[in-house]
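This document opens with one chain alone, in structure tokens, the form predicted on its own.
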Amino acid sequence: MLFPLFAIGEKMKGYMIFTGTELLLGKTLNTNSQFLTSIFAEIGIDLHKIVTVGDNAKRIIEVLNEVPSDVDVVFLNGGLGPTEDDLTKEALLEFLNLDAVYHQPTLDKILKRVGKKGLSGDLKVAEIPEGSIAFYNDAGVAPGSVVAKNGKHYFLTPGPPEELSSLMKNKIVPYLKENMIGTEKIYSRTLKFAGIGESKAEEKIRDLIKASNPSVAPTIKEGEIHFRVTAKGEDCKKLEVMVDEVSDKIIERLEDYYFGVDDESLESLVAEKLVRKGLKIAIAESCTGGLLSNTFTNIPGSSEFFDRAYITYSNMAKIEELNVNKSTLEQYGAVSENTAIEMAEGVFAKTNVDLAISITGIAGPSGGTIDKPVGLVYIAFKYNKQISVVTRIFSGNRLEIKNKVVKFILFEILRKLKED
């Protein structure tokens, strides 16, 4: 049968329900929330509310009852697995007074994997609401689905982030776009910045953020700030012009921190410029423990620009591998400008690359003092036979600090290459 089409326009509202007791206990970071909200913004669904509820069918139903009458799309995420505490689908079926039916392609996948023995839990995963449209899960087992009832469209989506991402990008978003009714179109672009704090960046474009069409929505990543510029209207060419005009204003005000757009990443842009210039780099890492090196080697073809890395975590490693003077460590400490300089000089002397980088700091959560707090990092660059040191204090937990340091260094490399 034909599934009811629906319009996504200015007044279309969305509602998100995330299920999982682990989310309420703080044991799992809800990255799906950030991902789905960005998808909603991109396709033009105005998000009304986000609710998190534990693995309890009665409470899930209570939340479903609280969804306002003018909400058009309800996304339920998580709780589609085979265990007893995966109750999202069952709660929705009870709420809508629907029966479950098997999604045959998923059932075939399960039978192929585990056979016909002990399937009571496994078969449950293949169930979808009667009358719904299913979205086959290429990255996992539990399918997504959408069912229309009570003037709303209820979407069931799997909890694992990689499965949700695959399903949304490859199945659900195309479905939503294909089934939009009306003449309104949406055009968006994401501008990316680094090396500046969130509040400072937003202050510079506060008037643009307050505008409604095009809208400007900030998204914070670790070490980066993204601004999605979205325009709505009927003329595609006019929408592109509108987004161009606002994008130009944002970039003009934040020019010193701008690095890319949409799918461009800091590491790929840095790699591209290094290859184009025929430059080689080598790194000495202490507090980041190889994270910067790992970031570079994740890029296909990184051997064209990446020479080697030294993970000199201890003082002895700095002395033996990079020829850092013992007296420097005793007088200034491992976390100091002097040590960072000698580390970079040591890398440069041992490799003779074009760009040598060293990193030393305090990632925490312990080890900080009044003079040298947690988050203090010294980064030395040996480039064009000149040495320079950047000192920054980064906030966050241990992993967040390490990630922010890496992003900051990538942006600094990009800045130096542009200046050159």
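Take the two forms, superpose them, and find the largest set of C-alpha atoms that agree within 1.5 Å; that set is the rigid core. Just count from 1 along the sequence shown to find any residue number. Values in this document were obtained by computation on a predicted structure and should not be read as measured data.
The discussion below concerns the form predicted together with another copy of the chain, not included here.
Residue contact with another copy of the chain in the predicted bound form: Val275 places no heavy atom within 4.5 Å of it. Within this chain, Ser303 lines the site of another copy of the chain in the predicted bound form, having a heavy atom no more than 4.5 Å away.
At a distance threshold of 4.5 angstroms between non-hydrogen atoms, Leu291 is in contact with another copy of the chain in the predicted bound form.
A residue is said to contact a partner when one of its heavy atoms sits within 4.5 Å of a partner heavy atom; Leu355 fails this definition for another copy of the chain in the predicted bound form, lying far away. Proximity to another copy of the chain in the predicted bound form, defined as a heavy atom within 4.5 Å, singles out one entry of Asp108, Asp307, Glu90, Asp244, which is Asp307. Pro218 is the sole member of Gly131, Pro82, Gly333, Pro218 with a non-hydrogen atom within 4.5 Å of another copy of the chain in the predicted bound form. For the stretch 40-74, the set of residues having any non-hydrogen atom within 4.5 angstroms of another copy of the chain in the predicted bound form comprises Ala41, Leu47, His48, Lys49, Ile50, Val51, Thr52, Val53, Arg59, Glu62, Val63, Glu66, in sequence order. Superposition on the rigid core between the shown form and the other one places the CA atom of Lys232 2 Å or more away from its counterpart.
For Lys49, a C-alpha deviation of 2 angstroms or more is recorded between the shown form and the other one after rigid-core alignment. When two forms of a protein are overlaid on their rigid core, residues whose CA moves 2 Å or more are considered shifted, and Val374 is not one of them between the shown form and the other one.
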